[in-house]
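Take a look at this single chain, the form predicted alone, given in structure tokens.
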Amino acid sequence: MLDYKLLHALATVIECGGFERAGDALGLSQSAVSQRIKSLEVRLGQPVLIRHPELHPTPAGQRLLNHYQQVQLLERDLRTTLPTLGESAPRLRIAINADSLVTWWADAVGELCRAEGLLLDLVVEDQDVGLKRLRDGDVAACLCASPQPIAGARCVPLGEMAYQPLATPDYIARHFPHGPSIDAFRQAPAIVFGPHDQLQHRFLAQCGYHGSFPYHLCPSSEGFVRLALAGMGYGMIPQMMQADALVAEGRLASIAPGESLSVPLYWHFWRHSGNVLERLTRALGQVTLK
């Protein structure tokens, strides 16, 4: 039988990114946390963590984490039907892309979280790589751009988010005086959310450009828009954000009028993870993206 105290230590080490922070979260010393991981590895007969060059679970550790996530959700459902087991606030760890978080997510899940006392542990991750978090057992669900389900999980399409390539009129006059062109794309500074963000590359490929380009890295949706408003570059800004209002006010404009990029979003979650994820999935199914 599995010792869930040991699995809890493993999950906390991964969530916190280290033994010392995990000890703080669990109220244990770093050595006590290390001993629990060692006990788990002895019982399993193989390592559950790779410690260098960066901390991440082994394949066996990933399977244990996936199992632990599902058990936590099932226990939450059991406490609902058997209150004498004791109540604790349920917490759901989810990987989500930043643009969804600052636009439609809160409206979609707010009522459910309030009604059920559900606490969310949101891990902001690019929509192209969030699925790795689920595969690694780090989260119970994720919102990402991949339609390919992983073994043991379900995949539900939610719709598409539309992005426009926006910059200030002055920036466009400087860098795109004759409209979009290969030379302009090669030289004009762009704004990219993070090293894994492929929106800019997809847009440029859609326009026929596949080369390199200068760019700012800005891992903040709000900061992203502020850099664009400061005339520092052009970026792919969600239509659901304040883009429409900023364009209507004349503060931003498209560098390629009529061009946009649509990104599909998919909700992935572990099968047999309990009713709360099913209810959350139904709530997300009511969202209308554009």
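It should be emphasised that the depicted structure is a prediction, and the values quoted were computed from it without experimental measurement. Numbering starts at 1 and runs along the sequence shown. C-alpha atoms forming the largest set that superposes within 1.5 Å between two forms make up the rigid core.
In what follows, reference is made to the form predicted together with a further copy of the same chain, a form of this protein that is not presented.
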Worksheet item: Which of Ala184, Val124, Cys207, Val71 has a heavy atom within 4.5 Å of a further copy of the same chain in the predicted complex?
Response: Val124
Practice prompt. Work out which of Ala32, Val42, Ala230, Ala248 lies within 4.5 Å of a further copy of the same chain in the predicted complex, going by heavy atoms.
Written response: Ala230
Item to complete: Specify the contacting stretch among 159-167, 198-206, 176-184, 146-154, defined as having any heavy atom within 4.5 Å of a further copy of the same chain in the predicted complex.
Response: 198-206
Worksheet item: For Cys16, is any heavy atom within 4.5 Å of a further copy of the same chain in the predicted complex, or not?
Response: yes
Worksheet item: So in the predicted complex, does Pro53 come within 4.5 Å of a further copy of the same chain, heavy atom to heavy atom?
Response: yes
Worksheet item: Looking in the predicted complex, any heavy atom of Asp244 within 4.5 Å of a further copy of the same chain?
Response: no
Worksheet item: Does at least one non-hydrogen atom of Lys38 fall within 4.5 angstroms of a further copy of the same chain in the predicted complex?
Response: no
Item to complete: Give, in sequence order, every residue of 196-234 that has a heavy atom within 4.5 Å of a further copy of the same chain in the predicted complex, or say none if there are no such residues.
Response: His196, Gln198, His201, His210, Ser212, Phe213, Pro214, Tyr215, His216, Leu217, Cys218, Pro219, Ser220, Glu222, Gly223, Arg226, Leu227, Ala230, Gly231, Met232
Worksheet item: So with the core overlaid, does the Cα of Ile50 end up 2 Å or more away between this form and the one not shown?
Response: yes
Item to complete: For Leu252, decide whether the Cα shift between this form and the one not shown is 2 Å or greater, given a superposition on the rigid core.
Response: no
Worksheet item: Does Phe19 show a Cα shift reaching 2 Å between this form and the one not shown after rigid-core superposition?
Response: yes
Worksheet item: Closer or farther: the CA pair Cys218/Glu15 in the predicted complex, versus this form, with a change of 3 Å or more?
Response: farther
Fill in: Residue pair Leu65, Leu119 - Cα distance in the predicted complex, closer or farther (3 Å or more)
closer
